[in-house]
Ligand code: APR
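This document opens with one chain alone, in structure tokens, the form predicted on its own.
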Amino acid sequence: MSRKKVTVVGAGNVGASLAWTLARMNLSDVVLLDIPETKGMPAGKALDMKQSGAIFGFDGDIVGGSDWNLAQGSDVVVITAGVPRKPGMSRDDLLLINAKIVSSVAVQVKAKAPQSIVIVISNPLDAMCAVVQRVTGFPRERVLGMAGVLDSARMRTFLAQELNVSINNVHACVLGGHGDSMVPLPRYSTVSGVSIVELLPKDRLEKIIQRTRDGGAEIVKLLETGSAFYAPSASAAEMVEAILLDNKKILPCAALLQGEYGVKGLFVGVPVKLGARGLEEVVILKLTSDEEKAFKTSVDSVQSLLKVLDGKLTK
């Protein structure tokens, strides 16, 4: 039986880290793509990774380049391409620049990997998912965004540190858009089945929730140049694994809602079941009135991004 193939678009820190993680997981062959202007960079990184297989013991092939023909027949395509926000650049500037980049990628995905499941990492994530879905015309089952897995991982990390317990005993749930309006849900976050609401006083819990919302900004401040890439790439790898192994794993992902949670036609972070078909089920959580209000605020933030894009996407 032929091996699965995963194509990672964008050979920067996130893309390269993801490609290497996937190679080490030995789940599939891996293609690392970047633009022609990067010359031999993606090929060089891929060759370096492949040679590490002699140490780590993975047998899958890993190649890099700028030729989209390398992506033909991919089972999963992960899009990390885009530019970071720079000084003096407004949010709308970033949105429109990255929409153009991601749109061009989506055209190639549709042509070269028409049966693939697409995972979007590029920011602003929820809006970039919409770009991919509209350009490719793929059903919602095959376009997902990686955000909730990362946000939940950050919250789990902070909870494990605060409670001095194994990260393996901690589960966290975060809904909504990827950004300041995300909605961490303490009621659905547990340590060995016990709600963290029962384990932490309200003031300490609120600090963890805020630190989760500021998780990316905290790393950017510490790095001074650049942003997080180890945890984002690991989060995407978990999604790829669930798809390729048909794990039916429940993970928080940006998904195109069709009436669930009272939302229609928007990509918003919710828990979903991931398997071989991609999104196999949207898991519905019962929310309190306060949680619903926070979720609506997050949805409104996503909607505002899409209004800026109206009329600017490839039809």
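A residue's number is simply how far along the shown sequence it sits, counting from 1. Just so it is clear, the structure is predicted and the values come from calculations on it, not from any experiment. Between two forms, the rigid core is the largest collection of C-alphas that superpose within 1.5 Å.
The following text describes the form predicted in complex with the named molecule, which does not appear among the structures shown.
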Checklist entry - Closest heavy atom of V135 to the named molecule in the predicted bound form, within 4.5 Å or not? => result no
Checklist entry - Taking heavy atoms only, is P184 within 4.5 angstroms of the named molecule in the predicted bound form? => result no
Checklist entry - For N123, is any heavy atom within 4.5 Å of the named molecule in the predicted bound form, or not? => result yes
Checklist entry - Heavy atom to heavy atom, is N169 within 4.5 Å of the named molecule in the predicted bound form? => result no
Checklist entry - Would the named molecule be touched by all three of A11, M41 and G82 in the predicted bound form, meaning a heavy atom each within 4.5 Å? => result yes
Next on the checklist: Within 4.5 Å, heavy atoms only, which of L257, L251, I35, L70 is in contact with the named molecule in the predicted bound form?
Outcome noted: I35
Checklist outcome for this item: Interface check vs the named molecule in the predicted bound form: of L205, L94, L245, V191, the one with a heavy atom inside 4.5 Å is L94
Checklist entry - 191 to 199, 137 to 145, 157 to 165, 100 to 108: which one contacts the named molecule in the predicted bound form at 4.5 Å, heavy atom to heavy atom? => result 100 to 108
Next on the checklist: Suppose contact means any heavy atom within 4.5 Å; which members of 207 to 228 contact the named molecule in the predicted bound form?
Outcome noted: S227
Checklist entry - Does S66 show a Cα shift reaching 2 Å between the shown form and the other one after rigid-core superposition? => result no
Checklist entry - If you line up the core, does N247 shift 2 angstroms or more at its C-alpha between the shown form and the other one? => result no
Checklist outcome for this item: Checking the C-alpha spacing of V109 and T38, a student should find that in the predicted bound form it changes by 3 angstroms or more, with the atoms farther
